[in-house]
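Quick setup: one chain, the form predicted alone, written in C-alpha cells, and binding and motion questions come after.
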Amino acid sequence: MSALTGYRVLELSEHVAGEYCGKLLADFGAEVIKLENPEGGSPTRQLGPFAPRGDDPERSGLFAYLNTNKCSVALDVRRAADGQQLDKLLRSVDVVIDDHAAGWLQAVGLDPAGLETGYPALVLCSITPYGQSPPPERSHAEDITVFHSSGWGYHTPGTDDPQQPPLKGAGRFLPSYEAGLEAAICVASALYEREGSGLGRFIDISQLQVLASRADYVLAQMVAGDMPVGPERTAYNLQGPAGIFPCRDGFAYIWMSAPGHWEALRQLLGDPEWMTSFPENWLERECTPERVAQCRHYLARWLETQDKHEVAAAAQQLGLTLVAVNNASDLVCSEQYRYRGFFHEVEHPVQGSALYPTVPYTLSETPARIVSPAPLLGQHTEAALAAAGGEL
C-alpha cells in the first residue's frame, strides 16, 4: 500500500504546478480526479514535446508525464449545470488542488474564506505565482517571470561578462515544479493534521516564496543584512575556479572552496608542477583573479583528455566535488537510477511505450508507483460522477 492510499483528490489545475502536485499525490496512492474542460481538455495537452503518433489532444508528452495514475472527468465548472456536479464532487473528496489566478476559486463557488461553513473537512490548496493578494501588475505571470523576480536569475549563471543577460534557469517550469512539490508536502501534512482535528484548511502556495526559500546562502545573507543588496549580479559569482569544463565525452562540473579540495585535486592530477606556486589556503584567503584564471587554464587542459564519469568517480573518492554533467542517455544508463528503479516503463494507449521518471526520493514501506498512464480526455467522466452521486 502506498502512503496516500484511501484519500481522494479533486484536481482543478490547468498548469504544470498543480498537475505536478496532483501527480505526486497520485503516484503515492491517492485517487486523483482531474477536471478538464470538455473542449480540448487541460492547456498542458497543447504543450510539447509531442509523441510522433496519435492525434491531439492525446499527443503531449508533458501532459502524459504530469498526469499518471489520474482519472479524467470532462466538466465545465463555469456552467451552472456542471457547477452542481462540482459541488457533489467536492463533497466526495478530501483534497482540492488549484493553480488558477487569484479570484478564480471564488468565481466557481469555492471561496477559501468560506471553507469552515461549506466544506469544513476539505483541504484546499491553491498554487499561484504571487499568492492570493498579488499587486495588480503581478496578477498574471509565467514561470520565467517568477524565476527572475525571485532573484534566481542573478544566479543563472554567473558570467565573466556582467553585461550579458541572465539565463532563464533550468528547464521551462522550474518554479512550477518546485511549487508543486511544496504543495504536495503541505497537503500531506494537512491530511495528517486532519486525522486528529477533523478539520481541513486552506493552503496558499506562492511560487515566488517557494523559490526564495530554495535560494542559497548568498540571498540568505542579503535577507539577513550581512551582504548589501544591489542590482549587480557579481554578488552571486563565487570567487573561485568552479565551473563547467569540457571533457573527452561531454562536460564535468568542479567545485573547490577549501584547502582539502586543493589537496584532493593535487592527488588527482599527480602533483603537477604548476600547483606549487599556489599557497595552500589560496581558495579561502588569497583567491585572486590571476590565480583563478591560471587554475582554470590547467584544469581545462587536463579535463579535456578525461572521460567525465571516470574522472568524477576518481575525484569523489578523494573528496573533491567533481561531477559529470549528465544528458538524458546518461540518466537512463545510470547504475544508481537503475538500482532505485527511478524509471518506469509506461504503456500509453495513444503514445505507446516510454520510460517515465518517478519521484526523486523513495519511501521503503509506502513507495510511489506508476500503475496507469495519463487518462484520455473525459475517460472517467461517467464513473467518477456516478461514484460522487452525480449524473451526466
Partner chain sequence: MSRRMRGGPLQGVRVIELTKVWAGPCVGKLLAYLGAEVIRIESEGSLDVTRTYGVADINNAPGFQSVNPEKLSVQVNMKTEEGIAIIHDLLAKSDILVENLRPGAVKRLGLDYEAVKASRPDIVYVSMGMFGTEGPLSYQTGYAPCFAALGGLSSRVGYEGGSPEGMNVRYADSTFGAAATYGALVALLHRRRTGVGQFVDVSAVECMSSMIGDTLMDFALNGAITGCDGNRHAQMAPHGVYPCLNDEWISIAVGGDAQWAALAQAMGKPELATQAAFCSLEARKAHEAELDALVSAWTAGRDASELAAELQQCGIAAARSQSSLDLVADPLLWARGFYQEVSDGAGQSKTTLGPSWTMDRAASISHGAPRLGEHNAYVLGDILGLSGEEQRALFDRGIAR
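Being a predicted model, the structure only gives us computed values, none of them experimental. Residue numbers count along the first chain shown, from 1. The term rigid core refers to the maximal set of C-alpha atoms that superpose within 1.5 Å between the two forms.
There is another form of the same protein, the form predicted in complex with the partner chain; it is not shown, and what comes next is about it.
Proximity of residue 193 to the partner chain in the predicted bound form: non-hydrogen atoms within 4.5 Å are present. In the predicted bound form, residue 374 stays away from the partner chain, with no heavy atom inside 4.5 Å.
In the predicted bound form, residue 150 approaches the partner chain with a heavy atom inside 4.5 Å.
For residue 164, a non-hydrogen atom is located within 4.5 Å of the partner chain in the predicted bound form, even though that partner is not displayed. Contact here is defined as any heavy atom lying within 4.5 Å of the partner chain in the predicted bound form, and by that definition not a single one of 104, 108 and 386 is a contact residue.
Here the chain stands by itself, but in the predicted bound form one stretch of 272 to 280, 71 to 79, 299 to 307, 194 to 202, 194 to 202, has heavy atoms within 4.5 Å of the partner chain. Of the residues given (100, 291, 155, 266), 155 alone sits with a heavy atom within 4.5 Å of the partner chain in the predicted bound form. Distance criterion of 4.5 Å from any heavy atom to the partner chain in the predicted bound form singles out 365 from the list 345, 39, 365, 55. Contacts with the partner chain in the predicted bound form, taken as any heavy atom within 4.5 Å, map within 6 to 42 to 7, 20, 24, 25, 28. Residue 133 shows a C-alpha shift below 2 Å between the shown form and the other one [criterion: core-superposed Cα displacement of 2 Å]. Core-superposed comparison between the shown form and the other one: the CA of residue 300 stays below a 2 Å shift.
Once the cores line up, the CA of residue 244 ends up less than 2 angstroms apart between the shown form and the other one.
In summary, the C-alpha positions of residue 295 and residue 216 diverge in the predicted bound form, ending up at least 3 angstroms farther from each other than in this conformation. The pair residue 216 and residue 326 separates in the predicted bound form: their C-alpha atoms are at least 3 Å more distant from each other than in the form depicted.
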